[in-house]
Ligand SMILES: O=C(O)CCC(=O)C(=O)O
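Okay, here we've got a single chain as structure tokens, the form predicted alone, with questions on binding and movement later.
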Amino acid sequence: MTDSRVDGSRLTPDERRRYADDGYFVRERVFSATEVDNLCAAAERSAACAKQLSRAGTTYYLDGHRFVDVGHRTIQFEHAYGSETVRVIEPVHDLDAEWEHLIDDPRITVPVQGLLGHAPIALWTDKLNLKRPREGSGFRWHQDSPYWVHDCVHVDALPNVYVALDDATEANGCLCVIAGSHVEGCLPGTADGSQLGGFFTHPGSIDESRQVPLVVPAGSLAFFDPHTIHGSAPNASDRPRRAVVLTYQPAGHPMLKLKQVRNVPRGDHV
């Protein structure tokens, strides 16, 4: 049985070119308002669950920021001293059934399959970013590949899909990318003596004149290369900027943290 969403999800020549040249492309309003509402409800359920789980986890601090490991999951808290606000959950897919459906949605998986040569795909990792109003901290310029290169032999084949759960604006800290920054592969870190400095891209490798703020409505998707430099400002608004980032890989390989294989149904055979 063919899913009617498949044909409309296939990569266009322009999208393929933009991903190759710029390291990203955007599709606006892919998910309906009702679907977005359901995902936002899942985000809040997941945040509440993660906060509860964190009470039994292992707490540690990197550069003064609080992290809690609970089994295969890492929960980050907001940077303000003593904050009890969950900032990031990775992975999140096993905290709510909505995420499992999202991972397999052909509106996401079909274009990803196209980026990877139409081969079967699997999940590599996933995370929920909860950038709360007036509280959500920013993310410094970084690539994802330096985080993953020691755990994965196919780091070039890990496309990311950013799913906007709220309208993303510059005021609430939308995702920003450096167009074309993916072409050099893994770039050097800051080496500034901090614990996490090696994972943030050295300023000398960043051409901020090519910065693109991804101002998109809720329900939009941004596909970006694992080497694309990206980051975001803090949320200075009264509106949330929640998002899920799904990262895929060729089928048959285990996930980053869970170490189990989570293959995705072929979108052209749904």
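Position 1 is the first residue in the sequence shown; the rest follow in order. Keep in mind the model is a prediction, meaning the values are calculated, not measured.
Below, we refer to the form predicted in complex with the named molecule, which is not included among the displayed structures.
Of the residues given (Arg107, Arg73, His142, Arg132), His142 alone sits with a heavy atom within 4.5 Å of the named molecule in the predicted bound form. Scanning Leu214, Val68, Val30, Val245 against the named molecule in the predicted bound form with a 4.5 Å heavy atom cut-off leaves one residue, Val245. Comment: 229-237 is the region of 205-213, 54-62, 30-38, 229-237 lying near the named molecule in the predicted bound form, near meaning a non-hydrogen atom within 4.5 Å.
Although the partner is absent here, Ile121 is not a contact residue: none of its heavy atoms lies within 4.5 angstroms of the named molecule in the predicted bound form. Contact annotation for Leu175: at least one heavy atom lies within 4.5 Å of the named molecule in the predicted bound form. Put simply, Tyr162 is close to the named molecule in the predicted bound form: some heavy atom of it is within 4.5 Å. Contacts with the named molecule in the predicted bound form, taken as any heavy atom within 4.5 Å, map to no residue of 179-196.
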